[in-house]
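Taking the form predicted alone, here's one chain by itself in structure tokens.
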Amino acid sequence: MKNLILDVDTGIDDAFALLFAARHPEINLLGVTCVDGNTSLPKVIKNTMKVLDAAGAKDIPVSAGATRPLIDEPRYAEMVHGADGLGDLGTPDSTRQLDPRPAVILLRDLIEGADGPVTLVPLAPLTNIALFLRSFPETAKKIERLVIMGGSASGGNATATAEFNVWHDPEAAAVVFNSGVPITMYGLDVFMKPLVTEKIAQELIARGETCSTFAGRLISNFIKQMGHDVTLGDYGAVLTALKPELATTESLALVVDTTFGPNRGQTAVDRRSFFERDDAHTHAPRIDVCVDIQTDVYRNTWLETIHG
């Protein structure tokens, strides 16, 4: 069993990841922390509880984290994820209770109390993770690895150069990437690869089970919203944390652009040789950047897990 903690800003692709993490037999989902990102924190919390209900999850602690980035104002992505942040499916609210501990305290308690190593999988802006690393540096040393959905070694989606999660809070991302904790970056270079179709959505709905029906409706509504096949997105970071051998990575020096210019939020990676680098990249942390994945295995593993 792999001990995982997910940090989420639950929109549609976070939901795909949560469904998988809660149902896969090799994952011990210790807890979930919530942060503003795709939508506001109160909606993120509601959505997270709804998804855990749909997954038939056990009583997993869910806690509230940061309500905004460290410096910037929040900038949401409800044009993609719907007014409620979860595809506007009209899913009833959950009766699950929020854990009273703030996210950074829950992270500390879960890592300190875990039986074995813990991998953190942030699928959201990195505000919670930066605050945790700064608050509890000794506990942070016990993290086995961070597998982050964020960043890009190529282009962006929030801007021409910046991926949304890093762009939403570049200062937090800079803290995390420079923390010294081993990091795998599952970014836009692979994010769009595991696509699902309307045919897959209808097959899931036809099974008539709570989890598969929820997943199928989510995919179908997402396709209608986007006008094309859609990615399982954030889920890929969870499978990469569970089975890293399915991803191809390169160890690359990385700098987060925290300037207030056109490249704010860019994760600038350096493929030059040591002797060609400038000072900024010579001393930059080296990050394991996902550059390819076994796409069919990623898609099929998700479907098999959701089918149960």
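Please read these numbers as outputs of a predicted model, since none were measured by experiment. So that there is no doubt, residue numbering starts at 1 and follows the sequence shown.
One more form of this protein should be noted, the form predicted together with a small molecule, which is absent from this view; the next part is about it.
Look at 110 to 118, 198 to 206, 157 to 165, 96 to 104: in the predicted complex, residues with non-hydrogen atoms within 4.5 angstroms of the small molecule sit in 157 to 165. Remark: T33 does not count among the residues lining the small molecule in the predicted complex, judged by a heavy atom distance of 4.5 Å or less. Contact check for L218: no non-hydrogen atom falls within 4.5 Å of the small molecule in the predicted complex. Not displayed here, the small molecule is approached by D234 to within 4.5 Å at the level of heavy atoms in the predicted complex.
Looking at I183, you'd find every heavy atom of it more than 4.5 angstroms from the small molecule in the predicted complex.
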